[in-house]
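What follows is one chain in structure tokens, specifically the form predicted alone.
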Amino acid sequence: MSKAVRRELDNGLTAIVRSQKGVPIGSFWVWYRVGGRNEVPGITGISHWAEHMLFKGTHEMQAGEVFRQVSAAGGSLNGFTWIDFTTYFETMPIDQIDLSLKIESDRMVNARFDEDEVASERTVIISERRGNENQPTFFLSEEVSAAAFRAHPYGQGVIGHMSDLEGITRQELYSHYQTYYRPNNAVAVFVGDLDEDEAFARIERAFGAVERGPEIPAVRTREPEPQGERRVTVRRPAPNRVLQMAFLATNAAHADAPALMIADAILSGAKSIGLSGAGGTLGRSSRLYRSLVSTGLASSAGSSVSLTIDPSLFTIGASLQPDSDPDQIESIVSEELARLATEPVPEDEFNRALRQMRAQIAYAMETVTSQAYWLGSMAIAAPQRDSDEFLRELQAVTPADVQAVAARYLTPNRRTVGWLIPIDEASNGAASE
């Protein structure tokens, strides 16, 4: 696998290219540094809504034309929004890749934001929010995040509050688009069967004439250090009790990030660094699975850590069996974290976690789409960090590194504990057993 090469256009667009010979295909992505992190109360969810609007047509292409043309060319496409970014991509036969560059350079500046389309999409976004609310754990995750972040906008999530979704105007959406969808706030990534110089030349032809925008509003807020444990309780109709613990950790640029990912692998199995975040059956040998699921105390248990611009959360979750004692579950999780912080991980267990992580890296590097995802997501979260070097750092983590980060971050003073307590709707919200 060749090394990715990075260049910057005169208008500020960062371009990253990895030449991948042998398969006549290419994946092209454009990443914008805008997501839930860039929102304030009153316009939460606006980045996600703006993402939807870029599929609603430009002055060049009518609504639906992008899907039709990419499908006719034998390609696939998508777009999504997260707390740190909004991104769009097409994976195409290499002889059709210029269509992808045309689509993305066009909608970078020419999206129409038609009034009727805005009104129609408001209904779609609100329905999406209501669909999320039908999942028992949605409100729990929302409350835990809000409690874990006292100041930082990460605590607002991505989908947005219902009152904001009902009130955001077309002009606010369009202003948000004009502010953040600029080449100096974007990263273009290509992985596929083109020489580097040819790929950069095509990106220059497609995007070079797009004017640089003004300086992007800075996110100045930094989450203060936690001063003690926080707790939330959510009472909703649900099949079982659910525990969520969230620990304020660190960001992707920090030297501790690789060790935190290995700590996560030891607790619940290595996760994919590609488009899928699942650990799958790799987690069956992990500590949380053995202590909570194999013992019959929980139907599922896991952990996760994210690579983000600013410090974010290391989370642990468990869905309890009906007769399980919540205090016992909390105690077991706390004991597992204390053991991780005070005892070196045995060599065989540690090596198993490293093998799992190597396997996940190998799987993610199999496709040009996942390679482009990894390059782009790291360019957003940690632009000064080499994405290939980060993968090598992951495989160089030691048991002492894991013990140190567990002692540093996974402590009671840094945690927010959330419980979902099932209620019986027929009995006016009384707790059900």
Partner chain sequence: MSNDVSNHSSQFDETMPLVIDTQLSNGIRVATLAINPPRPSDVAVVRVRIPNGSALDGNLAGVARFTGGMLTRGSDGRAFDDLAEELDGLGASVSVSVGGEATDIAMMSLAEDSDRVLEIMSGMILRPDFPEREIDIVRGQMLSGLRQSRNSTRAEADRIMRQTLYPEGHPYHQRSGGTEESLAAIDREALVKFHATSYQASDVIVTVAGGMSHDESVALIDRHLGQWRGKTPRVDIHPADYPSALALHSESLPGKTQSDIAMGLPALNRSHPDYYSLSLANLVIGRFGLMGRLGESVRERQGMAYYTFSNLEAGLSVGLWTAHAGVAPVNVDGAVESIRKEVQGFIDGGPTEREFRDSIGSILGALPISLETSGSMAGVAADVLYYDLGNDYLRRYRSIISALTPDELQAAAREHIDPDKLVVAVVGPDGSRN
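Note that the structure is a prediction, hence the values are computed from the model and not measured. Numbering follows the first chain given and starts at 1.
Missing here is the form predicted together with its partner chain; even so, the following discussion is about that form.
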property	result
is_contact(residue 363, its partner chain) in the model of the complex, heavy atom dist at most 4.5 Å	yes
is_contact(residue 283, its partner chain) in the model of the complex, heavy atom dist at most 4.5 Å	yes
Residue contact check: residue 52 to its partner chain in the model of the complex, 4.5 Å heavy atom	yes
Proximity of residue 74 to its partner chain in the model of the complex, heavy atoms at 4.5 Å	yes
Within 4.5 Å of its partner chain in the model of the complex, all of 102, 158 and 398 (non-hydrogen atom)	no
Contact stretch among 348 to 356, 167 to 175, 218 to 226, 146 to 154 - heavy atom within 4.5 Å of its partner chain in the model of the complex	348 to 356
Sole residue of 83, 199, 210, 293 within 4.5 Å of its partner chain in the model of the complex, by heavy atom	293
Partner-contacting position among 114, 133, 330, 204 - heavy atom within 4.5 Å of its partner chain in the model of the complex	133
Contacts with its partner chain in the model of the complex, stretch 309 to 323 (heavy atom within 4.5 Å)	319, 321, 322
